[in-house]
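To begin, one chain is listed below as structure tokens, in the form predicted on its own.
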Amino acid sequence: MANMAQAIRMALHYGEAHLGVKDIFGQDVGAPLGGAFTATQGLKTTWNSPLDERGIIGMAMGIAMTGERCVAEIQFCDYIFNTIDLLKIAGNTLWVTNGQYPMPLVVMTPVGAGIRGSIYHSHSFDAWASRLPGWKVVMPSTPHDAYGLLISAIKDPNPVLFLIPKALMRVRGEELIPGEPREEKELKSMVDAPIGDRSKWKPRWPELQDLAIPIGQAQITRPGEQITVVSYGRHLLVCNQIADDLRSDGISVEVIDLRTIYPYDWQTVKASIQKTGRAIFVNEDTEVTNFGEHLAYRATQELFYELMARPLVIAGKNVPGIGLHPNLEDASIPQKHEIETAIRAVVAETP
């Protein structure tokens, strides 16, 4: 099974082979490195940009305005903050030009903690991204979804932010990507560049197939009856584990992978909360003005009389940064035991 970096690489190859992608670029995106996480190794249309995030976003906007499709990478989301004004303009361009200039670009960037990246490589960006009107924002939790969501992002005529959980880049999936060989070693020999001299290496791409996971469609990853847990990215996998563990204690947890932060699938979330009467929203962005707060607010406003307990948001601490020491990082973002304790407490509440 592919890991997430391999899945992204294969989706980008499909994009340049079948969807008209002519430019994939960013810092160290081209040869010989193929990206900080090797997610762009072996692709034909990659090139290295200067270390200039504003230049990368500006170039992507210019390419998109000509009608061409491109994928730009900001090497870590920690360095995307100086492009906020450009992202805002990219999001409103179609509207302010009365539909004359579509913006078919994808900006992908690794997000979140989990790699012991300390202050400058541990930021989240999902809450900030949700405040950029005109953008679609997705975050996969599995390689299969990364492949399908990236293909949908490339096809979309709107600007799409493709947020990649840093901690999941090397995590293998449980579901085959269409066309992917079943054996891990075979896939590695086909698409992973060797260590050392890569000057003559060329990938042997599998016969990859289209897989367009619709943007805006959530997925129930664990069905349950007593409480709804909504998450995305790497904490979705943690929530799945907790749901599996709690089943032996007679606690039935329904887990929803939001997959798209905007436009999000409220109908799936709403139907689940109406069934369970309880809800917790989990992600690792900071707890103040967290996107989960919006979901909790909407749940309270629309489903107040159907709730059996107060909705909770489990999120990262509102601290200036995440420290390098493992204890500092673990204290800053939600841990498995914290989420499990919250689930038990909410299930135990009675109206």
Partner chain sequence: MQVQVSRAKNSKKISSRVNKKKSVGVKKATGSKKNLFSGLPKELLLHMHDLMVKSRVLEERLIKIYKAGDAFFWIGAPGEEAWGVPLGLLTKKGQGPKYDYLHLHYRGTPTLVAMGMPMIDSIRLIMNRSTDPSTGGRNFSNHYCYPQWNVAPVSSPIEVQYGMALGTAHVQKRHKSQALTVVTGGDAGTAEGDFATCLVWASRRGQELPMLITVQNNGWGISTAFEGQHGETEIADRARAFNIRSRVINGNDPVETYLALQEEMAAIRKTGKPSFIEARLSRLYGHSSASGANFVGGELDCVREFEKKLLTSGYLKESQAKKIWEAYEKEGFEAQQQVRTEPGPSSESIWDHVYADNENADWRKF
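From a predicted model like this one, the values you see are computed outputs, not experimental measurements. Residue numbers count along the first chain shown, from 1.
Form predicted in complex with its partner chain: not shown, discussed below.
- Partner contact region in the model of the complex: 79-87, out of 227-235, 183-191, 168-176, 79-87, criterion any non-hydrogen atom within 4.5 Å of its partner chain.
- Put simply, residue 58 is close to its partner chain in the model of the complex: some heavy atom of it is within 4.5 Å.
- Using a 4.5 Å cutoff between non-hydrogen atoms, residue 297 counts as a contact of its partner chain in the model of the complex.
- Under a 4.5 angstroms non-hydrogen atom cutoff, its partner chain in the model of the complex lacks residue 205 among its neighbouring residues.
- Contact annotation: residue 286 falls outside 4.5 Å of its partner chain in the model of the complex, judged by heavy atom distances.
- Taken together, the three residues 18, 162 and 197 all stay farther than 4.5 Å from its partner chain in the model of the complex, as judged by their closest heavy atom.
- If you take 42-69 and check each residue for a heavy atom within 4.5 Å of its partner chain in the model of the complex, you get 47, 48, 49, 50, 52, 54, 55, 56, 58, 59, 61, 62, 63, 65, 66, 68, in sequence order.
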